[in-house]
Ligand code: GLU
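Here you get one chain, nothing else, as structure tokens; it is the form predicted alone.
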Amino acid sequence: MEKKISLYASVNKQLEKAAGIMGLDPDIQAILSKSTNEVRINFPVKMDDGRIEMFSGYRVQHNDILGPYKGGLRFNPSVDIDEVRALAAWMTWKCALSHIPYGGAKGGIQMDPGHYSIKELEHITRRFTYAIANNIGPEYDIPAPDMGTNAQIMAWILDTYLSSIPPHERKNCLHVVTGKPLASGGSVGRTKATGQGVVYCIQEWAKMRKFRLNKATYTIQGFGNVGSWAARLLKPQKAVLLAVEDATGAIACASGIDPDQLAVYVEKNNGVKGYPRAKAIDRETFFRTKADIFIPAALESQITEHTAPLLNVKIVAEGANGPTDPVGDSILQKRKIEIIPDILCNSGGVIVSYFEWLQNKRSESWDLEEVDGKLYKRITASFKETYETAQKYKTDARTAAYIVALSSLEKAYKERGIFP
């Protein structure tokens, strides 16, 4: 069994590497190596059958030098303080890399949402929101969807938060959460935003490497929001999906899997297992599948010392947060497999969340063309800056992305100083 590397330790290893190469001020590095605030809440919820169940929830606010804390909420059995700390730090780097005026935060509840009814999920969400209401706010800390959460859960959070504040303040607080349904103040393009950003990054990489996406092959790990949208958006590029793995199993088809048909199947069956137009394969076979592109869009720490040697691809486009651990990263670099790093590749979600936040603040509503156009402009600018920095420092793309982010943070600290 693989030894699990602490996610937060992995984050700080990446921080240390980039800091050493760029010569980051040691005092600023010390500040960025710790979270600003960490909240853990244990709370009871009455289930449909009348019994009481206890839940553990977290909200970690990593850094706010660039603006309000921003980060998703995930409902997953793996949620613990180490994971949330790591995810909050990644959000700090992600926002700084995209030059968005946000800091990093993350939160979640340790639970499997599939084990609860809709009514129970609503009660759990509202009770958790009530417990952290003093720790979030439209100009302080803005949650968003993540693994196991969606627009409906964001709507419950919004309603609960608004119910907890004085009536005269409510009209100015619609932007306390992003990723909302459209009728509740959400933005068009937000649901597909992370997958769209992944595809924009793949397209930029293809231009840079003079690589044709027409008939290019790819595999995806995870077929939830990010993975399914990335696949559906690659379909018009004529790229061919060869294999998919999720929590239920793995499937493959040499002639290609239709992403739209698979998305419909997964929606009905909660996973890829049993998909009739592809054959079942095991996990090792999935990782060994020869393809041009691999998109890990599931959990963290999937590309490790055991799985990195199996990959037979040209590029890994990290749709998930932290899918490659430090050892796996080193192996991929030695094998000359390129990586579009997570804080760049999956930043589309937070970028469009920022757009939603702006629309709410300004009482505006942008159309899809405007949202996609602004996303494309911002994420491709970050892509260009990352790869120019990689050339300048003669380093890998991940380290270069960190250098760009850390440079923005260091500049802000130098300009503002440390109080008192």
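Each residue number is its position in the shown sequence, starting from 1. Everything numeric here is computed off the predicted structure, so don't read it as measured data.
Below, we refer to the form predicted together with the ligand, which is not included among the displayed structures.
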task = May I ask you to choose, among 145, 323, 341, 227, the residue with a heavy atom within 4.5 Å of the ligand in the predicted complex?
result = 145
task = Could you spot which one of 157, 91, 272, 231 gets a heavy atom to within 4.5 Å of the ligand in the predicted complex?
result = 91
ask   = Would residue 178 count as touching the ligand in the predicted complex under a 4.5 Å heavy atom rule?
value = yes
message = Just checking whether residue 190 would be counted as a contact of the ligand in the predicted complex - the rule being heavy atoms within 4.5 angstroms.
response = yes
key: Exercise: residue 197 in contact with the ligand in the predicted complex, heavy atom 4.5 Å   = no
message = Although the partner isn't part of this model, could you tell me whether residue 303 comes within 4.5 Å of the ligand in the predicted complex, counting any heavy atom of the residue?
response = no
query = So which stretch, 241 to 249, 167 to 175, 69 to 77, 215 to 223, is the one near the ligand in the predicted complex (non-hydrogen atoms, 4.5 Å)?
reply = 69 to 77
key: in the predicted complex: members of 98 to 112 within 4.5 Å of the ligand, any heavy atom   = 106
